[in-house]
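Only one chain is shown below, in structure tokens, and it's the form predicted alone.
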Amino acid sequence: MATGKVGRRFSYAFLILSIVPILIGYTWLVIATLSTRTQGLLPINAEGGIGGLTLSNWKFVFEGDIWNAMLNSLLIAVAMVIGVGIASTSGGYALSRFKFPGRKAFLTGTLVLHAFKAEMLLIAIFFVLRWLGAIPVIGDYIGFNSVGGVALVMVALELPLGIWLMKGFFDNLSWDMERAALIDGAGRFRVWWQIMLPQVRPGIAALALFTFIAGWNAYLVPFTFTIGAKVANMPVFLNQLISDTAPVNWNLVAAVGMFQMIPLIIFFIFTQELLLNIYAGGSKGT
């Protein structure tokens, strides 16, 4: 018993020590957003003493560029959640339940595609977006230098992981309820929509959170395939505040960075209950 208590205390102490650097970092972030400059964790005024607290770093919330960047990030993230969610849940279900020629090759192909990072495909993506931009009517919305084009690329890059993730959840579900529904005359779409999807809600929540974060924090693809403040998202907007030749207001950068985190925190609050039950997927009806 004594050994067990010592082990638990050691585990708790290790966990606390491991999160101390993270807590210090977030503490500095909060202090920096509310001060003119900092020295360590202390806010410093113009005279070099402790103080100098101000809200001037948050003036950007009254400017239009930040809200335009926020809207672009939101459009990309929501498009990814919807696009990757629909394709991954339907594709993962088909790969889990159906046996068809080329199934193993397709699964291997998706795994290989996930190994290709965006950096390796930038030139190919540029030519694809330029070709899409030449399509009448819709080309302006899904081609080069458009938010839709960026969202389309990000959806394609996240699909391999999403398909494999959802296939794993469907593999863990029992066939009993599905077979009973099929025997009663339900079609495949109804079985997928009304019976299978409710049982993998933790998986859908996890996939939605991962894709939302990936879309919200996307930098390389938006930075490479968009030009100008009109189509810039939040990471690109944040990068524009940093210059190699002019002084950087790091307290302003910290404030914009914290502002960028707010939607992620809100999204996590609404999905955390499902995420905490992620290992319960498929337990009902088995």
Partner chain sequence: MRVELDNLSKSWDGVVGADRITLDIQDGDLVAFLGPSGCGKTTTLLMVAGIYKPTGGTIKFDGQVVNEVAPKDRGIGMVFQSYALYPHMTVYGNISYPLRIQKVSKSEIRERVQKVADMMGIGDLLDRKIAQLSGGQQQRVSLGRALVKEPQLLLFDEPLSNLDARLRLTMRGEIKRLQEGMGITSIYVTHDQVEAMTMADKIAVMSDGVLQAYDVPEDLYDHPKTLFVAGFVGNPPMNFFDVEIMATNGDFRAKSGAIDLVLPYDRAKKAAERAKGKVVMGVRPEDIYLVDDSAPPAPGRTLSADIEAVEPLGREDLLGVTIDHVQMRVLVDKTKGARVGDAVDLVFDLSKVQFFDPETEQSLLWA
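Numbering follows the first chain given and starts at 1. Note that the structure is predicted; figures quoted are calculated from it, not measured.
The next section is about a form of this same protein that is not shown, the form predicted in complex with its partner chain.
Peer 1: With a 4.5 Å heavy atom cut-off, would you call residue 179 a contact of its partner chain in the model of the complex?
Peer 2: Residue 179 belongs to the contact set for its partner chain.
Peer 1: So, residue 183 and its partner chain: in the model of the complex, are they within 4.5 Å at any heavy atom pair?
Peer 2: Heavy-atom contact with its partner chain at 4.5 Å: present for residue 183.
Peer 1: State yes or no: in the model of the complex, is some non-hydrogen atom of residue 211 no more than 4.5 angstroms from a non-hydrogen atom of its partner chain?
Peer 2: So residue 211 does not count as contacting its partner chain.
Peer 1: State yes or no: in the model of the complex, is some non-hydrogen atom of residue 195 no more than 4.5 angstroms from a non-hydrogen atom of its partner chain?
Peer 2: Residue 195: contacts its partner chain in the model of the complex.
Peer 1: I need the one stretch from 114-122, 82-90, 169-177, 101-109 whose residues put non-hydrogen atoms within 4.5 angstroms of its partner chain in the model of the complex.
Peer 2: Result of the contact check: 169-177.
Peer 1: Does anything in 196-222 come within 4.5 Å of its partner chain in the model of the complex by heavy atoms, and if so which residues, in order?
Peer 2: 198, 199, 201, in sequence order.
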